[in-house]
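This text opens with one protein chain seen in two forms, each one given by itself as C-alpha cells under the names structure 1 and structure 2.
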Structure 1
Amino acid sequence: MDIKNELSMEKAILETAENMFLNKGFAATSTTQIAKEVGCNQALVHYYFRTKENLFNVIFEQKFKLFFQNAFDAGNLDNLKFTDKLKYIIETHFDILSNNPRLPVLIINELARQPHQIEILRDKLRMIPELLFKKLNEELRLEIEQGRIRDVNLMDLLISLISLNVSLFIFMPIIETVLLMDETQKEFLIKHRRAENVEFILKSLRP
C-alpha cells in the first residue's frame, strides 16, 4: 500500500469510527464493526491504531485541538478588543458543538467510564490551553483594572461559557421530542441560543 492509499485508509477508519462512536457509543462499537463499515479487515484497524481506546483518543484529541485552533486562533483574535474576542470564542465553540452535537454526551460518558483518560489528554495537550489561557487572563485582568469588566475569575468565565453552550446540545434530543420540533424550529432554536449565550455572558461581565 503506497503512502497516498495509507493516508486515505487511515482517514476512512477515523471518520467511520467517529461516526460509530457518536451514534452507538464507545462500548457498543467494536473494531470489527468499524472494519466492516470501512470495508477492510480488523487487522488493518489494529495496524493503524493498535486498540479501540487509542482510536478513540486520537479522535478526541483532534476535536480538542479543533476547538483551540479555531476559537483561540491568534490571527483572528489579536486585533479584537476583549469583549469582541470573547464573543468570537463563544460563537466558535458553539458552532463546533453545532457541527458535532453528539460529541458532548460521548465525552461525558467516556470520561465517567475512564476518568484516567483526561489525565492522559492533559499531559499530551497541556501546552495548548496553558499558553492561550495565560494571554487571555492577562487581557481580562487589564479590563478589570480599567473598570470595563467586573472582577471575575477566568476559570469561572470559561466554565459558564462552556456550560451554556454544551447544555443545549445535551438536552436537545429531549427538547425535540417533548416539543415535537421540526427541523426549521430546531434550526431557529439553535440560532437563537447562539445569540442569547453571547448576550448572557457579556451582560454578566458588566461592572
Structure 2
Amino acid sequence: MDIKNELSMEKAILETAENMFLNKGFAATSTTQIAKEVGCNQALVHYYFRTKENLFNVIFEQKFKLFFQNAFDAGNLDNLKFTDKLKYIIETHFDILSNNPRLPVLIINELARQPHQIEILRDKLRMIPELLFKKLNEELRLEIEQGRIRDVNLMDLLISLISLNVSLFIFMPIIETVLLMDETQKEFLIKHRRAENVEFILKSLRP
C-alpha cells in the first residue's frame, strides 16, 4: 500500500483492476475486491470510475488499442522480401502476445458477454489491417505467380498465423500444469514455439 500510495490512487485502482479482470474476468471481479486489494475504500473505485462497467471499458479499450496497434504494425518492411516480412510479422505478433498473455482470453470473454462490442470493434479495426492486407496480398499473389510460394489465400495464411501464435498463450496454463513445467522450461517452450511457428508456416508455404 505504501508503494501504491506513492502513485496516484486512480492509477493504483486501474492497475489492480486490470490484473483482476485479466485473471478472473469481469463477472468474478468485484469493486469491493479491487478496493480491498488496492487498500482503499470501495466507494473510491466508483468515485473515479463511476461504474464497474465503465472501469472495465476504460481498461479494455486501452489494452485493446495498444494490442492491435502493435500486433499488426508491419513497420517499414518495404525493403524485405516476402518471406522475411512474413517472418517479421509472425515474430512481432508473437512478442506482443508474449507481453500480454492473458489478453486474448479477456477479449474472447468480453466479446461473448457484450456481443455488440464486436461491431464497435469492427469499425475500429477496419482501418489498420485493410492497408496491410491489400499490400501483403499483392505481394503474396506475385510470389505465387512466380512460383516461390504455393497457391494459398492470404486470409487463410493470416488465420493460421494468428491461431498458432495465440493458442500457445491461451493454453499455456494448461500446458505447464499437464507437463509439470517450471519457469525455465516454460520460457524455453515459448522461445521454441516462437521459432517453430515461423518455421511451420514458412515450410508450409513452399511451392
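Everything quoted here is computed from the prediction, not taken from an experiment. In this text, rigid core is short for the largest set of C-alphas that superpose within 1.5 Å between two forms. Here, a residue number simply tells you its place in the sequence of structure 1, counted from 1.
Which structure would you label as the form predicted together with a further copy of the same chain, 1 or 2?
Pick structure 2 here.
Once you overlay the rigid core, does the Cα of N19 travel 2 Å or further between structure 1 and structure 2?
Yes, shifts by 2 Å or more.
Yes/no, L140 Cα shift of 2 Å or more between structure 1 and structure 2 with rigid core fixed
No, L140 moves less than 2 Å.
Quick one: CA shift at Y48 between structure 1 and structure 2, core fit, Å?
Taking the core as reference, the C-alpha of Y48 is shifted 8.7 Å.
By how many angstrom is the CA atom of A28 displaced between structure 1 and structure 2 after fitting on the core?
Rounded to one decimal, the shift is 3.8 Å.
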